[in-house]
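To begin, one chain is listed below as structure tokens, in the form predicted on its own.
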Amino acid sequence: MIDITYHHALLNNIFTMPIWYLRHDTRDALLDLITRLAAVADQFLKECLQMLVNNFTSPGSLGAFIDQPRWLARKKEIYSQLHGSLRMISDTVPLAPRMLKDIIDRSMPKLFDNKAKMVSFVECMLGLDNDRMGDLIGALLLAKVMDLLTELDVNISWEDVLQEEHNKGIFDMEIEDLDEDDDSLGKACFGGNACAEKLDGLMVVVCEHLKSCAEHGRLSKEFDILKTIFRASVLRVHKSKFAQFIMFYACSLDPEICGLEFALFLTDIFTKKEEDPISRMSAVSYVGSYLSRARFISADTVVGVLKRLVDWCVDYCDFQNKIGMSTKPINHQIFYSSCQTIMYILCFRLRSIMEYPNLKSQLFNMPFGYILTHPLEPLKVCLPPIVKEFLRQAKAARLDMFFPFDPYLLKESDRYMRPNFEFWSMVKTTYGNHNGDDDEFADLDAPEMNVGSLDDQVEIDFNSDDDLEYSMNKMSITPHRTFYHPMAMNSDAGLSMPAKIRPSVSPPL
């Protein structure tokens, strides 16, 4: 009979004991004791669960050896034993899953914990996201992981990425030209940024988890949870750089269902009037970047989403014609964002669409001219690089806007994204590469295109027109404070879409 008063020291030793140094049979005996103690009514459940969660990470003294083959095998074995003990306790004690949620929440790695601790904890934790345990606490596990990824992401600035002393000339070439096994990728892009290295390691863990889900027929359920988390925690994050690629990779594992579903999910957010302006503008940026970059998305899907965006723009223009439009650009930011997205998608996908006669016919029937030559003058207001590239289907200048699926720069987890990612140099344009002046245009894959220049610390009042303008500029979905770019300001007639550039008269070469 164990008494919490008389056996306090013994219990304390048991509940604080790391199992990583124990032999297999000794670990089995200790974990069997833990599961039995957890079943004692109103006594040791919390302590037992905390002891198991504490062992999600190896002791610090093992940090230098944990990646050695011998310890990798032991780590896998220990994770399996921990998962088995937690499942047994959850089956025995109905209260256990709820208490386990709270303990995991409190025990999650913090921003300044080392990479090894973060990776070990998350890897073990995600191992619970299967079978019965996944049904009970899977949503919480994924939510906590995405929160951690996002927290690390927002602590990486583009200034960290673009350190001149480390990466001179790196963006003069395309990112995919770098050897994915070359250590220079991570060092050149981040100069040893700790948050980037931690995020990179965690991305590997989460991608492996999603791959396992796909192999065991659980991806669809996992993806539904991820969509909810993305909507609540990622969509509105200011220029998230890498965390959103979890969605990209999940979609690549099942393009026909998850890939299509994500595109429609984003488009639905954009088209719903009930959604707030920032969410709608972020959603249309996401869908534009996603359709442009995801190789696994079919041309049919691209055309289908384009039609929805174009139809929305037509309805918007018609409505403005009826009510007598205001020409103040801030009143039409969502419209300009959608026009920008349409042009950006076509920069990447126009040639591939035109290879299919039925899709080419659908594209020709879309009223691009009506939208782009409307008195709201989107060609004056949208970013010049996208306007130029759309009008001549050529390499665009650097973009100061948010395209969330632009090149992925995390070295260790790059292998999960690269096979499914469309790089600009791989895009077949409608005009080929016959002119010698193409070099004047910068690379669409240059990470500088996402660099923001506005102060991240300013608080925004969403009821104020000025602050709404600021916040939308800050997201770089529309241009900076001066809405009209110099090229448009210097032209009385503004920009129009030359007939020779229109899709209907630009057959593939």
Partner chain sequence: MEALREAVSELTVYVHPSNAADVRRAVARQLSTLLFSYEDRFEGVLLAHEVTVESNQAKILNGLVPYFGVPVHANLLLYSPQPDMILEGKVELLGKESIHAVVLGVFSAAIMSDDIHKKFKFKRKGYGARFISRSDKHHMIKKGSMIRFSVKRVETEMSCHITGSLIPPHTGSMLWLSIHDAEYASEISSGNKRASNIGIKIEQNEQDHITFDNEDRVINSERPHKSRKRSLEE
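Residue numbers count along the first chain shown, from 1. Nothing here was measured: the structure is a model prediction, and the numbers come from that model.
The same protein has a further form, the form predicted in complex with its partner chain, not shown here; the description that follows concerns it.
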- Query: Does every residue of Thr92, Leu95 and Arg236 put a non-hydrogen atom within 4.5 angstroms of its partner chain in the model of the complex?
  - Reply: yes
- Task: Work out which of Ala194, Met99, Leu260, Ala299 lies within 4.5 Å of its partner chain in the model of the complex, going by heavy atoms.
- Result: Met99
- Listed residue that, although its partner chain is not shown, lies within 4.5 Å of it in the model of the complex (heavy atoms), from Ala116, Met88, Val314, Met325: Met88
- Message: Can you tell me if Val40 lies within 4.5 angstroms of its partner chain in the model of the complex, counting non-hydrogen atoms only?
- Response: yes
